[in-house]
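Quick heads-up: it's one chain on its own, the form predicted alone, in structure tokens.
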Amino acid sequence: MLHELQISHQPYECWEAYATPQQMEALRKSAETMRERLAGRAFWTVSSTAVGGGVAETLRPLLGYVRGAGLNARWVVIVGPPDFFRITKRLHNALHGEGDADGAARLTAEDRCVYEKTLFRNALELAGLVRPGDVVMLHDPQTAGLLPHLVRLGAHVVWRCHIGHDTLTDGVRDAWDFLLPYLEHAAVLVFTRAAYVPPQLAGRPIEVIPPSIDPFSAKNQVLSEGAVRAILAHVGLLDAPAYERDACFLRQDGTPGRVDRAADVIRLGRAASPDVPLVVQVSRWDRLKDPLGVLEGFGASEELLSEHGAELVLAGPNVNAVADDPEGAGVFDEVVDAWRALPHHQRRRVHLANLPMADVEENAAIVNALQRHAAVVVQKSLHEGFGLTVTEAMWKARPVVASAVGGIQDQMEDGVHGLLLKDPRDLPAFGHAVRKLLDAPEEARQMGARAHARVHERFLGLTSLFRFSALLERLDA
């Protein structure tokens, strides 16, 4: 059965804290226009998961503001057997440029049968909900096969692809060949970067809309130093007194929240002391995020261990909590095996954390605290559609080391807002970049300040709301 999610009502007026009077007036007029255009109709969002990834994280607040503007916003998550998600994970990897060498990304006629049967069952469920004239936005390869069915229902269907690769390799072309038959009748196709649009879609209605963050969410709201320490101490990532009453945050609906669950942490000995510089990567347990490379690069840099006494935290969602990523548990096991193979003095400075996911906003508050406490936030991805964790760290004015891949290149200027790795597989260069930031704390602080300003200018949800409004007007033209 399809799973429909509850969407909190978020008044768009809260953006007065970050917007100019002119922007607020434009937002008000836009909301009024959209209420008139979509009166009696629904705006549906369809994704493959509600937790554990950047897509879900950006959708939750955006849909709250859409509902707050007076539109009938609805959000459903598709379901499918494990074989379906193994197929869509291969599609995901192929669109990122993985699997070219051995043809592992290529999908068979049998794979297409499983894919279509699964989405046909989901389409039957949606047929009881979606009405002619409704607007439906589908997200990523997992949902593309729904598009023909929804068009036949009379809906205006948009497909949004959050991932891609700058080069049309054989594997990327194979993945697009698999998906293109389903996209023929899309009203608009939305991409994160112009470079991700394949040549086969030339001449089609295309929009380029990068993701954004919500500064009011549990993941990005301001936390006091006391709250940061209390949250990290409670979950087991900091060796400090756990003042439970301080481990609090504000939920999206304005009510108080508290971090009650602990993380599952693999380490040797105690949690890190509050005065130890932490190098932090937060991401899914995904080979494209290269947690093994982060582990090996950190361990290979003796200066990080001896001169700075730094410690590494690799954190991700609980491996059993993300339904659309069947590889997560296996990747985490690989990281644990590599950690066990480290020399004792390196192993004791590495912490592997599975963060609780039972409460999405609690999880977000934990990530928020971890990023704010970090001396350096890293995102050493091999491929990346956009890289929201980079934007999040920049918003918190943290010094960042990230790979010059995908959308990360759009977020940061090397040496201005952080440090970019030209080759994410160059482990000595990774260690050198982290050391450079730890060696020059004032320079790192200035980079963080410039990074915060850049996010304020380009990557806050206010920009997404304007682009979303323009997209709806285009559909209804």
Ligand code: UDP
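All of these numbers come straight from a predicted model, not from anything done at the bench. Start at 1 and count along the sequence shown; that's the residue number.
Not pictured, yet referred to below: the form predicted together with uridine-5'-diphosphate (UDP).
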Which listed residue (R372, R90, K289, R193) meets the criterion of a heavy atom within 4.5 Å of uridine-5'-diphosphate (UDP) in the predicted bound form? K289
Could you check which residue among F386, Y182, W176, W339 gets a heavy atom within 4.5 Å of uridine-5'-diphosphate (UDP) in the predicted bound form? F386
Using the partner position in the predicted bound form, report whether R284 sits within 4.5 Å of uridine-5'-diphosphate (UDP), counting heavy atoms only. yes
Report yes if any heavy atom of V367 sits within 4.5 Å of a heavy atom of uridine-5'-diphosphate (UDP) in the predicted bound form; otherwise report no. yes
P317 near uridine-5'-diphosphate (UDP) in the predicted bound form, any heavy atom under 4.5 Å? yes
Using a 4.5 angstroms cut-off on non-hydrogen atoms, would K380 count as touching uridine-5'-diphosphate (UDP) in the predicted bound form? no
Can you confirm whether Q221, A230 and D246, the three residues that make up this candidate site, all sit within 4.5 Å of uridine-5'-diphosphate (UDP) in the predicted bound form, judged by heavy atoms? no
Spot the stretch among 341-349, 231-239, 309-317, 293-301 with residues whose non-hydrogen atoms come within 4.5 Å of uridine-5'-diphosphate (UDP) in the predicted bound form. 309-317
